[in-house]
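Quick setup: one chain, the form predicted on its own, written in structure tokens, and binding and motion questions come after.
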Amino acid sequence: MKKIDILKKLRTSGLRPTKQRVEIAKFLFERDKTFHFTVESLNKLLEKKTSNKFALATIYNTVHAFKSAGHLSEVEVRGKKTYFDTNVSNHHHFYDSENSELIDIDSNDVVIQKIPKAPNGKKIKNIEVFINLKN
């Protein structure tokens, strides 16, 4: 991803492209594979991989601004932990609770034959299959 794309992501998220935000955005989006993370795990990774120090509030606000702008999706694990995903397309997940790891499942690999009708006054927004793993 070019630097201009990073700046565009920040601006479309309503964020001023400060040095710290640019570095967070590069860390999230300049990669070949999907990246799943919690705000806390991202903070630890940034501490290890970069020379800058980041306030947890800066990371939190940046991540949530990216989510609001549609650049990240949010995945809740049984109401206990919130992960963010750089893959915003419709897809499913395996969850390895022993390693606290989300693993993508391509939406074409899951076949759903019947879906119940939504309750009155509601529409189905999307369907997510979430498969818990154990050793």
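Each residue number is its position in the shown sequence, starting from 1. Given the structure is predicted, the values throughout are model-derived calculations rather than measurements.
The same protein also exists as the form predicted in complex with a further copy of the same chain; that form is not shown, yet it is the one meant from here on.
The candidate spot formed by 32, 59 and 65 lies out of contact with a further copy of the same chain in the predicted bound form, as no residue has a heavy atom within 4.5 Å of it.
At least one heavy atom of residue 80 is located within 4.5 Å of a further copy of the same chain in the predicted bound form.
Although the partner is absent here, residue 40 lies well away from a further copy of the same chain in the predicted bound form, with no heavy atom inside 4.5 Å. Residue contact check for residue 47: none of its heavy atoms lie within 4.5 Å of a further copy of the same chain in the predicted bound form. In the predicted bound form, at least one heavy atom of residue 122 sits within 4.5 Å of a further copy of the same chain.
Applying a 4.5 Å heavy atom cutoff to a further copy of the same chain in the predicted bound form picks out 110, 111, 112, 113, 114, 115, 116, 117, 118, 119, 121, 122, 123, 124, 125, 126 from 110 to 126, in order along the sequence.
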